[in-house]
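First, one chain by itself in structure tokens, the form predicted on its own.
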């Protein structure tokens, strides 16, 4: 680590301690919730394509067993270290608790830069890592279920599933050992856009709260809101797209090569295609370039969505941020110093640990699909369509009027898998938003929404431990 004194896990513990004093649990239970239950550190050799041997360093952390299985992504990155994996596993525990997904938190990491390895080498690393997890019972549909993260995707998840299935012949629920798989291998539709859609649902719900909008000096609803998004990756792109489709105006976009703005609003897909063609979002027709990409964070807007890296807003640039509301789509985009500045300025920060939980929520739906062995919508789609067609026919007959073709299509439509996944995610984000806001209202001493989210998480995990009788 570049700075030996900074500990990501320490920062998570600091946020935890800040919230713990607003809960009813004694120090013993709080200590159990706070610590990582199991840390598995792995070393194994890899034979490179040129014949040389390299020792690979890898981790899997299970932060909490108050619910099983544990759940959390596997990242391939040169910066991976034990402290980071422990911190991310802890955040997964709290994230799952807030959105009522019945998993304990876990996380994995392999210390490699995936760009420097061939596909064959990456496959060998992934399969060997899976075999090491199997040896120690650190993977399985009922024990620990990994998912994609930085540097991994559907391809790696398919390799993990294949390795697990080969070593567990005849295990009927083997597909549930990992999520984020290709749809053909038991993945679920809607997984790719899930995090961005969750960000949209969460922020939309906050925008629909009259008292909160009044306090921020904003109108109720998403329509007409001026939005700035930093990061045009999977999460940033989908967040921006869903806001645009709902009638908001995306006035600023930032990427690492630069940032652009337009008061008339930017068309996300047009910018995306411009970047594909030119390699940069700069010089987009009809938009203005910012001098430096950090300037986008300081633009006048209603909602700022940092959806790229950690620590992009700190004690230094936070005083210049003019947004009324910040939605943390990335993990840890604000430092604790920035949090305090925004609390004083009356800027609402909607915290990452619940706002970007769309990914794990839809992973949960994928896991359920794997255990039930049936695609969502398969049983009810036709029944719903037939019923809707009958109701529509009756209404038309009784009223003597015909329903317009596009309306007829909408009313008759029976749910596909992706419709049900979106619906489940919407329900999850709305419920979680209200739980956090209610906890905050119930105790005016809680300083910000992040602390309120931690309070909700700690209370749920504490209740689980108490009811399991772990503390007789």
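Residue numbers count along the first chain shown, from 1. Rigid core here is just the name for the largest C-alpha set that superposes within 1.5 Å across the two forms. Computed from a prediction, not measured in an experiment: that's the story for all the values here.
Not pictured, yet referred to below: the form predicted together with a small molecule.
**Student:** Does the 4.5 Å heavy atom contact test between residue 293 and the small molecule in the predicted bound form come out positive?
**Tutor:** Yes, contact at 4.5 Å.
**Student:** Is residue 75 close enough to the small molecule in the predicted bound form to count, meaning some heavy atom within 4.5 Å?
**Tutor:** Yes, residue 75 is a contact residue.
**Student:** Wondering, does residue 324 line up within 4.5 Å of the small molecule in the predicted bound form on heavy atoms?
**Tutor:** Output for residue 324 is no: heavy atoms all beyond 4.5 Å of the small molecule.
**Student:** Looking at the partner-bound form in the predicted bound form, is residue 128 within 4.5 Å of the small molecule by any heavy atom?
**Tutor:** No, residue 128 sits far enough from the small molecule in the predicted bound form that none of its heavy atoms falls within 4.5 Å.
**Student:** Can you tell me which of 226-234, 116-124, 135-143, 243-251 lies within 4.5 Å of the small molecule in the predicted bound form, counting heavy atoms only?
**Tutor:** Within 4.5 Å of the partner lies stretch 226-234.
**Student:** Of the residues 204, 189, 275, 381, which one places a heavy atom within 4.5 Å of the small molecule in the predicted bound form?
**Tutor:** Selected option: 275.
**Student:** Tell me, which of 371, 309, 391, 220 has a heavy atom within 4.5 angstroms of the small molecule in the predicted bound form?
**Tutor:** It is 309.
**Student:** With the distance limit set at 4.5 angstroms and only heavy atoms considered, check whether 212, 342 and 440 all reach the small molecule in the predicted bound form.
**Tutor:** Not one of the three qualifies.
**Student:** Comparing between the shown form and the other one on the rigid core, is the C-alpha shift at residue 294 2 Å or larger?
**Tutor:** Yes, shifts by 2 Å or more.
**Student:** Taking 2 Å as the cut-off, check whether the CA of residue 238 shifts that much or more between the shown form and the other one after a rigid core fit.
**Tutor:** Yes; that C-alpha moves by at least 2 Å between the shown form and the other one.
**Student:** Examine residue 90 after superposing the rigid core and state whether its CA is displaced by 2 Å or more between the shown form and the other one.
**Tutor:** Comparing forms between the shown form and the other one, the residue 90 CA shifts below 2 Å.
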